[in-house]
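First come two forms of one protein chain, each written alone as structure tokens, so that there is a structure 1 and a structure 2.
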Structure 1
């Protein structure tokens, strides 16, 4: 498969490394409006063809697929251009900044018979696949209650850098710079973690968003600090189970942690994912009566990048698809409505 990388900042290096490890994938080109960044990236990964714009890459056309690693608000325009040119697309999350655009992207890929996948990166945590398989296999019975969280602390910690002086963090706090806050940045991950993990779509929910004051006048330079920092939701799923989820950048003591706990009428499962380790525990069988939990061993193996390559090779859509990206974007859009109107939303 001949692949180009669209956008050479942020996650682009991870895409180049992951795709570069897959047999049969040839990264033949890259595009970026920043010529210096483009040259540095292509030199680092030995990429021959370098384009100052996506239009020029499409005119050249000697590729089958693209990894779209542009900023969030550019995903729609760049992906649509690639799809119209007949190229398969592996797009960073979120698929788009609103549901209407995400659905148009989904419909276009389907109509043209192209593979469209979203890099919901926590699908690569193998433990969540084990959770789903165990639930589908009846190991915990009928799911009744779900708890989940995504906790970060970069607004109170310098472990990832200085948020108040570095543009890579400041833009995430500003609506004017294309941010949908913690809801759009990590909310999409934890909502996918939940719905994929338990094998149920979200049916209805309510949501509360919160933006805390972080600087005098809520502004630092060109950045107006108005994007949400924390959210809390209560959810009902398609099978009638209920639960809660929350996320924050103010979670002191947690660098980057996803947690999911699923309670069924015959047992329970919990997965905790952190940068340096992931743990899956279960309360199963007779241990339910004494509330005893035990670690569950998990084999490594899943990769969104490899799934995309397989999907293109087979000409068959795989998950996480554009359809899932659009479904999640609808929930995110309705979260804004729920917070603004103070009433429950039905998906």
Structure 2
């Protein structure tokens, strides 16, 4: 498969590495509006064809598929151009900035018979597939209650860089730059982690968003700092289970942590995913009576990047699909309404 990478910023390195490891994938080109970044990236990953714009790459045309690693608000225009040119697309999350655009991207991929997948990267945590299989296998009975969080601390820690001087962090803080704040950045991951993990769609929810003041006049240079920093939701799922989920960039002491606890009427499961380790624990069978928990071994081996390559090879859509990206986008849109109106939303 001949692949190009669209957008050569921070996350693009992961795409070059992961796709570069897959037999049969040739990363033949890349494009970025920033010529310095494009050159550095292509030199680093030995990519031959460099394009100053996606239009130029499409006119050249010698590729079947593209990894879209541009900022959130750029996903729609670039993905639509790629689909119209007959290219399969592996798009970064969130699929778009609103549901209508996400749905249009989904419909266009379907109508043209092209693979459209969205990189909900925590599907690559194998533990969440074990959670899903155990729940489907009845190991914890009927799911009644769910707790989940996604905690980051880049507004207080310099471990990932300097948020107040680097553009890759500043656009994430600004609605004008197409960011939907922590909700669009990592909220989408935790909502997918929960709904995929427990095998239930979100049926209804309340949501509270919060943007803290963090610079004089809430602005740094061209960036108005108005995107949400934290959210808290209460949710009901398709099977009637309820639960809470929250996320923040102000979670001091947590660089990047996803946590999911699922409680059923016969047992419970907990996954904690951190940059250097992931743990899955269960409280199962007779241990329920004493609330004793045990670690559960998990075999490695899931990758969205590999699924995309397989999907293109077989000409058959795989998960996480644009459909799922659009479904989640609808929830994100309704979160803004729930916060504005202080009212429960039904999906």
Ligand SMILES: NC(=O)c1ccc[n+]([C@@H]2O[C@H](COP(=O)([O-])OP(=O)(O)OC[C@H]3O[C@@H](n4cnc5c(N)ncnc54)[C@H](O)[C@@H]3O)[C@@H](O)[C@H]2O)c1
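The structure displayed is predicted, hence computed values, not measured ones. Residue numbers count along the first chain shown, from 1. Between two forms, the rigid core is the largest collection of C-alphas that superpose within 1.5 Å.
Give me a 1 or a 2 for the form predicted alone.
Between the two, the form predicted alone is shown as structure 1, not structure 2.
Quick check on residue 265: with the core superposed, does its CA move 2 angstroms or more between the two structures?
After core superposition, the displacement of the residue 265 C-alpha between the two structures stays below 2 Å, so no.
By how many angstrom is the Cα of residue 167 displaced between the two structures when the rigid core is overlaid?
Residue shift at the C-alpha: 2.4 Å.
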